[in-house]
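Next up: a single chain in structure tokens, the form predicted on its own.
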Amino acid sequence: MVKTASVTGKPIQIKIFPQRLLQPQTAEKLLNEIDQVKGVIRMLIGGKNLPRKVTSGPGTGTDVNHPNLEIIHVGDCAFELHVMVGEVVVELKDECAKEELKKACERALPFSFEFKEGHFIKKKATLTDYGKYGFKSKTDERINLEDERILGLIDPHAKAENNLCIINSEEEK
């Protein structure tokens, strides 16, 4: 998931580890609270995959009707949640928004969570990014992107074509 905003200063990345895996309603509430924080550049959710089909055993190939495969709404974007959210990585413009982000998490989560600062999302193009987006030309090694904030957010193992959701494009909050 990408929340776009213009970048100024030195961006920082925060990883939020809730004490439990989040139900879709709690994940939606948390992501919407984070979406309201000024200074958020992008968010990335991660967690345990929710399979769509049975992969082994006597029921191989049949649909899995998991109750947590729900469509959630974040900002003006709706998407199906394919994971049980266990972590959220948020990139902020600078240190100023860090405390506001922590307060948003406290409002949304009814249980404790860890809040760690570090480097979690790649800032330069990876081999997977080049495979997905290609090169501008044979002589130019730069990747052909309209918005470089989606770098490092591609899952090479994802079977879904579009698992990226742009919430606000080029809009300063």
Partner chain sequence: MAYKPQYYPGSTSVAKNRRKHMSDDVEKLRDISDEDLTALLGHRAPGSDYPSTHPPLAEIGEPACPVREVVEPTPGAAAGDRIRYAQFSDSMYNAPSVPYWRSYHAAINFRGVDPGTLSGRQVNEMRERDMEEYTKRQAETEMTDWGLAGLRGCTVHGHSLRLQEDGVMFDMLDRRRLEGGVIVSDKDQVGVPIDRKVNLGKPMSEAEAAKRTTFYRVDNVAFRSDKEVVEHVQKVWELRTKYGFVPKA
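Positions refer to the first chain, counted from 1. This is a predicted model, so every value here is computed, not measured.
Form predicted in complex with the partner chain: not shown, discussed below.
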Check: Given that the partner is absent here, does residue 36 sit within 4.5 Å of the partner chain in the predicted bound form, heavy atoms only?
Finding: no
Notebook entry, point to check: Does the partner chain get within 4.5 angstroms of any non-hydrogen atom of residue 66 in the predicted bound form?
Noted result: yes
Next item on the list: Give a yes or no for residue 118: in the predicted bound form, does one of its heavy atoms lie within 4.5 Å of a heavy atom belonging to the partner chain?
Entry: no
Check: Does the partner chain get within 4.5 angstroms of any non-hydrogen atom of residue 84 in the predicted bound form?
Finding: yes
Notebook entry, point to check: Out of 20-42, which residues reach within 4.5 Å of the partner chain in the predicted bound form, heavy atoms considered?
Noted result: 20, 21, 22, 23, 26
